[in-house]
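Let us start with two forms of the same protein chain, each given on its own as structure tokens and named structure 1 and structure 2.
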Structure 1
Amino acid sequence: MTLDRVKRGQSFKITSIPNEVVRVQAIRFGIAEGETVSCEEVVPAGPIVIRKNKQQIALGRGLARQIGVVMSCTEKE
């Protein structure tokens, strides 16, 4: 599953960032493989806003589409 398919309130773990350029972009946002983050908002046809600790990060769909994730057991209600 890729990051662009997550839904608001879901927590997930980043499992893969296969493209080196995308990995560098993600690291600039403070995101790396193995991190657990949550989805704050999914803007229709727009960015996906995720939360890592107290930081909110808006990722474009193209970037999100290239980041592999797996759902976490904890979901925000």
Structure 2
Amino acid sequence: MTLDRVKRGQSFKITSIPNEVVRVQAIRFGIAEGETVSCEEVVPAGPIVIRKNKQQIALGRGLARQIGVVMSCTEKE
């Protein structure tokens, strides 16, 4: 599935970021393909805010639609 479908509080693994520039920028923020992150907030019809440790990043809906994710087996404990 894609990043725009995740819900607040869910943890998931990022599997693919097709756009090269975005992929490279995400690596700088600490969010590379294969990384496990959680969803901090979903703005209705708007951006998805993801979080890894203390780092938070907002991604526009259009961008989130292109990013592939896989749900983690364990939800938040």
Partner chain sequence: MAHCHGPVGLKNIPEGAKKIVLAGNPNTGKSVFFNYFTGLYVDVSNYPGTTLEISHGRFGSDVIIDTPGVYGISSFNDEERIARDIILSADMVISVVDAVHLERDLFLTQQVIDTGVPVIMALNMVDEAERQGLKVDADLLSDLLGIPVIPTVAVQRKGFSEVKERLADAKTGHMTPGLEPLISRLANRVGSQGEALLVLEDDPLVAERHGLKPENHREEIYLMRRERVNDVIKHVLKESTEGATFGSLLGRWMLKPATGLPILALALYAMYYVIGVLIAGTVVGFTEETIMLEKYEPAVRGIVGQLISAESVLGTILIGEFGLLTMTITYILGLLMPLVIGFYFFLSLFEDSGYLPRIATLVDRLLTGVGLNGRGVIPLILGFGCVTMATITTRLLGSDRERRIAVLLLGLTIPCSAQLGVIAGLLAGVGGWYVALYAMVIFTVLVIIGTIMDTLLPGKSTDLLIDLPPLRLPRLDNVLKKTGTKSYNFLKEAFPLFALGALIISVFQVTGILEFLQNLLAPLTVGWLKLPKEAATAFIMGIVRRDFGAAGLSNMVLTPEQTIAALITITLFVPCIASILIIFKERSKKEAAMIWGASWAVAFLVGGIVSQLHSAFGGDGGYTGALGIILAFFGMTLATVIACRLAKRDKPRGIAG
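Only the largest set of C-alpha atoms that superpose within 1.5 Å between the two forms is called the rigid core. This one's a predicted model, so the numbers in the text were calculated from it and none came from an experiment. Quick note, the numbers are simply positions in structure 1, starting from 1.
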Only one of the two shown forms is the form predicted in complex with its partner chain, so please name it by number.
2
After superposing the rigid core, is the C-alpha displacement of A58 2 Å or more between the two structures?
no
Quick check on I27: with the core superposed, does its CA move 2 angstroms or more between the two structures?
yes
Rigid core superposed, I'd like the Cα shift of P18 between the two structures in Å.
2.8
